[in-house]
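Here you get one chain, nothing else, as structure tokens; it is the form predicted alone.
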């Protein structure tokens, strides 16, 4: 476990090419594995989570050459050509744990056990098992609805309509992937739109994605095969968010983030920042991998104004909500987040851990069942944060140190490698110090 200290920064300035998008990397590796052709994935994210997905792809008999962070050539085995092993280690990758069953239910062979580390073993998987069972699949969890997850491939699948109680791109994706093998139409309706990377990538691979007037998405199966084109992974907006917030609070004169994915389902933080009075310019560029992309130019804001994040906004900034708490700590008034109960089942209970971290730094923060409330002050004192194995909490603590008076000591900072191994180096490139 690594302990670092993030020192106060007076002015951050420079350019950061943020890491490739983690969500898109996971999906590109999985869909390339079942494609009917060789697929080159350029600039896939090199992180612990995506390494778990590449390892799972190889364990399923797929020939994959190259390296994450550079380029990976995957020789797809076709939609029904995976040869899964008896067990797959998902490590800490919740996306892998939830998406892979959607592909495994359409394969042949024996049952497969999906397991992971202690953190992943606490995350709910009933939300994936139930809808897949409704389609005729045999998918089982541990008694508490958590991993290990057991998938029995090869059962006949039927299309059904699934009405999700909580918007979840991972659950939706698992259902849509299983729908590729199901007889008839499968529909997924969510209470609010979630990330649509899977739908975009399936469309690029030649699958007709159906859309209903009520917002539901669907697939008519069974699909004969898919042909994912070669693609380059754009920058991850969830990783960019840490520099965005640091820049809003400490830019001098500006911080530029290049090649960021600007999918509207991922840019909820930009809309929240605008309400709070932040200055972020968006410079659109060419689409990347079927996703809009471009540069973000961040300038220091004046006095930020508190805001309220409503439940319907949560899916578009679920990973950035901890940073909304930090922004609220330095805004005039009380910032409230509602409808974010999904945070309780991330790598940590992020409602409890974020509120606890902010309080440890001298912030007035209140935990609520479905979110939190943070009362702002002109300055942030600083102190110590324990990441508790959560990569986003590790980076939150570091950003808090940059914008504090006294700095912040972050215990367990090595957790940042799950999604952003080069975070400290990129902070240093714009004038910050984490060490």
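Residue numbers count along the first chain shown, from 1. Given the structure is predicted, the values throughout are model-derived calculations rather than measurements.
Below, we refer to the form predicted in complex with a small molecule, which is not included among the displayed structures.
Here the chain stands alone, but in the model of the complex its contact with the small molecule, taken as any heavy atom within 4.5 Å, falls in 92-100 among 155-163, 69-77, 128-136, 92-100. Annotation: in the model of the complex, residues 13, 297 and 299 none come within 4.5 Å of the small molecule through any heavy atom.
A single residue from the set 318, 273, 177, 201 has any heavy atom within 4.5 angstroms of the small molecule in the model of the complex; that residue is 318. Contact with the small molecule in the model of the complex, judged by any heavy atom within 4.5 Å, is made by just one of 307, 353, 170, 263: 170. Not displayed here, the small molecule is kept clear of residue 117 by more than 4.5 Å at the level of heavy atoms in the model of the complex. Interface membership of residue 250, defined by any non-hydrogen atom within 4.5 Å of the small molecule in the model of the complex, is ruled out. Within 4.5 Å of any heavy atom of the small molecule in the model of the complex lies no heavy atom of residue 43. Heavy atoms of residue 230 never reach within 4.5 Å of the small molecule in the model of the complex, leaving it off the interface.
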